[in-house]
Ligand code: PTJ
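Given next, in structure tokens, is a single chain: the form predicted alone.
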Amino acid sequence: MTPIKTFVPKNHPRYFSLVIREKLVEGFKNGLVAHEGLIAHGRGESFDYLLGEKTTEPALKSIDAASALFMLADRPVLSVNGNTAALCAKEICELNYLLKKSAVEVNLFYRTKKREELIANELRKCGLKKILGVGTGNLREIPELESNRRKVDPEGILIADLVFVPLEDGDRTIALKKMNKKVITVDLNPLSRTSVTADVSIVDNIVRVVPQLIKCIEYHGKNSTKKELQGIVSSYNNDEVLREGLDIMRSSKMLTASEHK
């Protein structure tokens, strides 16, 4: 992707949020992001306002549980769409490298062969060698799912025991759960179908989440036993964490009008 050339001063109160917008716009211009992906980001950004555009304590709980779940999985798969590729392709590749047993699969709601290849190329630029889900020749279908997301790789999501689905639509999350797969998601909306259906829902911005996931997995890899990881997962309550995230949003002091510009 072309390097971002932002003209927003770094002391602007919403500098990082505006840089993220520019990354998505650049991703759209380069064919990674669909028109609808820009709208979806705007919706998510409104929830991020209410979080104070920072990682909250409930989100840290979810990240810790997600890290443990990743490390306990036998066949984890990282599902990547256009927005994810535009915002954090490098970090996704770093996460995949760290996990060792995982795979990366391109999965799109607005699927075209051109977008698949563009996203795959973005991941290759970050050093990823094997990318699943690209091309339609050998893809299989998830039962009871009508959208293009039903098309999955037989070496990836189809046989995965855990699927990471950031910036996801709810239909596929529900379908994956029916297939007895564990699901980790990143969703700024704690009321979405994806959030309430997933095993671990991280209510936070993906650009903050993936680097934190990497740090957490590195820590557990050096300091935690399998039994301790299992304890983290068994003590985690997704419904409770979602309620805590929603409470933070309810109690949030809205930013002033000048800060919204």
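Just count from 1 along the sequence shown to find any residue number. All values derive from a computational prediction rather than experimental measurement.
The same protein also has a form predicted in complex with this ligand, omitted here; what follows describes it.
Fill in: Residues G82, L108 and V186 all lining this ligand in the predicted bound form, heavy atom within 4.5 Å
Checking in the predicted bound form: G82, L108 and V186 are all within 4.5 Å of this ligand.
Worksheet entry | L87: touches this ligand in the predicted bound form, heavy atom cutoff 4.5 angstroms | Result yes; L87 sits at the interface with this ligand in the predicted bound form.
Fill in: Exercise: V134 in contact with this ligand in the predicted bound form, heavy atom 4.5 Å
No, V134 is distant from the partner.
Worksheet item: Just to confirm, E168 within 4.5 Å of this ligand in the predicted bound form by heavy atoms?
Response: E168: contacts this ligand in the predicted bound form.
Discussion item. Residue-level contact is defined here as any heavy atom of the residue lying within 4.5 Å of this ligand in the predicted bound form; does I206 satisfy this criterion?
Written reply: Taking the distances in the predicted bound form, the answer for I206 is yes, it comes within 4.5 Å of this ligand.
Worksheet item: Quick one: of A40, V233, L50, C216, which gets a non-hydrogen atom within 4.5 angstroms of this ligand in the predicted bound form?
Response: None of the others qualify; the residue that does is A40.
Item to complete: Would you mind picking out the stretch of 156-164, 138-146, 74-82, 93-101 that comes within 4.5 angstroms of this ligand in the predicted bound form, counting non-hydrogen atoms?
Response: After filtering at 4.5 Å, what remains is 74-82.
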